[in-house]
Each structure stands twice: as structure tokens, then as C-alpha cells.
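Have a look below at one chain only, the form predicted on its own, in C-alpha cells format.
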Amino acid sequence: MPETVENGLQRLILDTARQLLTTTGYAQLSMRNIAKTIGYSATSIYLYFENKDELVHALIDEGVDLLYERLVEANDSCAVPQDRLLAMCRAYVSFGLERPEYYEIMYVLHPEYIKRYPAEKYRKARKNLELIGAAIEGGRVHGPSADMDSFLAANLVWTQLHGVVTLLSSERVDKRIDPDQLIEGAYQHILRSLGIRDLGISDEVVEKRS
């Protein structure tokens, strides 16, 4: 079988598994169901993935890489340190809302359902938080959290952004609240709590939006 065909089949397996995971759930996911959906034998799938946990881990890896690319691009697009965290916050939320299947597999799928994520893969995923931490460290100028460990601060930023993404994705936000206002308000809350001045949106604009 030509290499390009094999790569195409692997891509088809991953895409199908991602869709099935987010529509039918982990418990219903099986090599047999994936094979039936794509019209191949289960044996064909085992040529690429030993079991469904390995398949799920591969999807998590892809999501981590896609998010990292967006964060790096956001970071590199800003010459002013105080702008970098805001740009990365925007990139994170955009990724979560535009790639909901990946996001759900990465951060919503309950870990007890799958084999423990390998330590070396977790270290790779941690780079996303370290990148955010570096932006925090470079942009802080004042505030009560100025002495907070940057990695802890990055995790706190993550929890707030994750809350925004999951609430909007699950349509749990009160209809009286404009989604854009919620997102922008979260960004401003993060920046101010960390003592990072937002150069992109003035206080006057923020007050009008709120």
C-alpha cells in the first residue's frame, strides 16, 4: 500500500474516532465501531493503534500541538510584553470554541475512563502553560499577585479561560449576558488580577461594554 494511502487511512481513523468520542462517548468507542464507520476491518486500525487508549492519546497529542501553535503565534505577534498574555488568552478561547471536539477530548473527557496519560506526553502538554507563564512573568508591572509563581498564575488563568470555553460550548451562559462581553470581561479580569495593563482595550471601552 503506498505511503500516502496509509497516511490517509491513519488520518481517517483519527478523525472518525474524534467524532465518535464526542457524539457517543468513550464507553461506546471501539475499534470495531470505528472500522464499521470508515468501511475498513478492525485489523487495519490495529496496524496504527494498539488499543483505543493509544488512539485517544494520539488525539490529545494533536490537540496539544494545535493549541501550542496558536499560542506561539499569538505570543510572537506582539512586540509589547503586556500584550502577549491578552493575545494568548484570545488564542486559547478561539481554539476551544473553533475546535470543540479536540477541546473536549483534551480537557473534558474524564481521565479515569482512559489509561493514564504518559508522563512524557504530560510534560509536552505542560509547555502550553509554561508559555502562558512566561507571558505573565514578562508583562506583570504591579498588583497584589506580582510575587505569585508564574506557573501557578498560568494555571489560574487556564481555569478562568477553561470556564469561559466550557460554559459557552455547553450553552450554559445566561441569555441576558452577551457572549462577547463575557469573553472580554474575562480577559480584563485576568489582566487586572495579575497586574498586567491591557494595551488593546481602554478602560473606557471596557466600562461601556460592561
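Superpose the two forms; the largest set of C-alphas matching within 1.5 Å is the rigid core. Residue numbers run from 1 along the displayed sequence. Bear in mind that the values here come from a model prediction, so they are computed numbers and not experimental data.
This protein has a second form, the form predicted in complex with the DNA, left out of what is shown; the following refers to that one.
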*Pick from 27-35, 163-171, 66-74, 176-184: which stretch has non-hydrogen atoms within 4.5 Å of the DNA in the model of the complex?*
27-35
*Check, residue by residue, if 151, 155 and 158 all come within 4.5 Å of the DNA in the model of the complex, counting heavy atoms only.*
no
*Taking heavy atoms only, is residue 12 within 4.5 angstroms of the DNA in the model of the complex?*
no
*Using a 4.5 Å heavy atom cut-off, state whether residue 52 contacts the DNA in the model of the complex.*
yes
_Just to make sure I understand: among 10-46, which residues lie within 4.5 Å of the DNA in the model of the complex, judging by heavy atoms?_
29, 30, 31, 32, 33, 39, 40, 41, 43, 44, 46
*asked:* Taking the rigid core as the reference frame, tell me whether residue 60 has a CA displacement of 2 angstroms or more between the shown form and the other one.
replied: no
*Does residue 186 move its CA by 2 angstroms or more between the shown form and the other one when the core is aligned?*
no
